[in-house]
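Following this are structure 1 and structure 2, which are two forms of one protein chain, each written alone as C-alpha cells.
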Structure 1
C-alpha cells in the first residue's frame, strides 16, 4: 500500500521547497523539509560544543547524541505552519545561519544520522497524515512507496538566474554563467556522492520547469494528483443549449460543436493556470490549423451538455486537443483541434509553452 506522501526531489535551486510549501498549503496538509531536520541536529550539536565535522569519529558520543535527542514536527503556538522541534525547542530562524548550514552538510553525510531521521520520517508518515516532503532522495530512499513522486529540474542557467534575481536587480550574462557553472558542479557532486545520491525515481513524474514560474509549476503538479487526494478536478464545461444554437429541425447546428470545443479550451486553459490572457501577455497565440468532428447523436434546445477533453499530443510547435460532448451520459460527438504555436510579434512558429506539454498524462 502506498504511503500518503507526495515526494518532490530534484537538484539545488530547482524550486522544490517553494512549490512544496505552496502545494502543502493548497492541499491543507503538512510540509516537511528534510533540510530543516538536518539543520536542527546541526544546531543542537553546535550548541553542545560538538564539532559536526568530527562527530562521526567518536561512535559512542554520536550514539549518545542521537539517543538523547527528541525531534518532532509541530505547529508552534500562534503559527500556521508546521516547524521542526528539537528537545522541546523550535529553533525557527536560528536554523538559517551559515554555521548551521555548514554543520547540516556535515551531519547529513553520517549514515547513523540518516538512519535516525529515516526512522523519524517514516514514523511521522505512518500516523496516516498526508505530507509533502522535498529533498534529493525522498522518492528513492526515504519513501520509495510514496503515492506521488515528482522530480523537478531546470537548466543550470535558469536556476542561476532565479537565484541571482532573489537579491533584486537584473543579473548580467557573466554572473548567470558563473553561478550556472557552480550549480552544474553541485549537481555532479550530488549525483556521485556515496550517501543518498541525487537520482530520479523510475516512477517519478519528471518536470523541467526552466520556463515555468512558481504558480505554473504548482498547477502542473496539481493536475497529476488525483482529485480524491486534493488534486485538480478534470475540466468539465456544462452548457445549456439556447434556442439560438438550434436549426430548423430543432437540433444543434453542426458548426456550433466547434464553438463548444473552443469554450472548453478556454476553461481548460484557466484551470491549467495558463489562461489565454496570460498567453497573450507572453506574445503567444494558438491558431487552429486543423479540426474535425464525428457526430453520434443530436443535442436539442435546453439540453445540458458536458464537454470534456485533454491534451492528446504536444510535438514541437504543434498541440492537439481532443474533446468529447455528452448529454445525460450519452456520447453526442467527439472532435479535435490542432494548433500551431505562434510568436505574435515575429509571426514565426515557436515551441509549445512548457506548461502545456507538461499537462499531458
Structure 2
C-alpha cells in the first residue's frame, strides 16, 4: 500500500520538479526526483564509455552494469535536500547536461532498467514516511495506489521558455522554438516507448499550468490535498451580524446575503492564492450576470454566521460559485452567483483563468 505517496507525473519541463520540491518543503516531507535516478544511470554509463542507445543490445553487459551499480537517495553532508547517490558519488549538477538528458531517455526505455528502479522506488517508499515522488510513471506503474496523483502539463512553448529562463536572460523566439522541439522529441520518446510510457493515470488530477506561476500551481495542488494530510483547509467566512445589517423585523435584511456571498468570494480567492486584486492587475474582472438565494431561516444581531462555498461550474467564459450560510449549525440560506469573465481593457469576454477552473473539485 502506497497511500503515503503524492505522485506528480508529466512531460519534461512541465514544472513538476519545482512544484514537487515546494510541496514537499511545505508539507515537510521528502521529495524524490525519479528522473535523477535515470539520469544517474545514464551518467555512469556514459562515464564508463557505454553508448546508452545501445546498452540493451548486450544483455550480459547490461546485467553486469546493473548488478555492479548501487543507487541510494540521501542527503549529502551539509545539504538540506535529498539527492541521488550512485556508487557512493553524488553527481548533482553533472546530471543536467544535454548528453545525460538524452542518455536518461535512452536508458529509461530498457525494461531491466525500469524494473531495477521500480524496486528501488518501492523500497524507498516502504520506509513508511510521506513522500512526494515526481516522474513519468509514478501514478501509473510505480504506485498505482498512491493517495494523491497529479499530472502536470503545459504547452511546449511555455515549457521551453521556462527551461531557458532557468539559465537566465530573455530567450529569443528561435531559441524557444529550438528547445520546444527538443522537448517535444523527448516527450515523444517517453510517450511511445513500450514499457511504462508517459501517460496520465485515469484517477490523476490533470493540471495544465501554461498560464500558472509556481505559487499558483502549488496552491492548486494543496487545494486538492485533504487538510489532514497538510492540504488547504476549506475557506469558511465567520461574521458577527452587526446592527446595521438587520431590518425592522430584527433579522438580517435579505439583500445582505448577497454581500455575504461576496465577502466569502474575497476570502476564497485569497486562500486560493489568487486574490481579486491580483486578478484585476491582470486586467480580468468577474461581473455577476446571474444570482439566486433561497432562504430557510434567519439570523439576528450578534449572531455569528458561517459562509462556505465552492466553484461549482466553469465553462468557457462563465463561472458559477455556490454558497451556504449556517448559524449555530442551522442552515440559513443557499445561494449562487454566475460570473462572466471580462478582459477589462478590451471590454471582451475571455476564458476563465486556468487557476479558477483548477480549483473545482
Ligand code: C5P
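As the structure is a prediction and not an experimental result, all values here were calculated from the model. Positions refer to the first chain, counted from 1. Definition used throughout: the rigid core is the maximal C-alpha set that superposes within 1.5 Å between two forms.
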Check your understanding: Pick one: which is the form predicted together with the named molecule?
Key -> 2
Check your understanding: Does residue 288 move its CA by 2 angstroms or more between structures 1 and 2 when the core is aligned?
Key -> no
Review point. Against the rigid core, is the Cα displacement of residue 90 between structures 1 and 2 at least 2 Å?
Key: yes
Exercise for review: Note yes or no: does the Cα of residue 195 move by 2 Å or more between structures 1 and 2 after the core is superposed?
Suggested key: yes
Point to revise | Displacement in Å of the C-alpha of residue 73 between structures 1 and 2, rigid core kept as reference | key: 3.5
Check your understanding: Once the two forms are fitted on their rigid core, how many angstrom does the CA of residue 48 move between structures 1 and 2?
Key -> 7.3
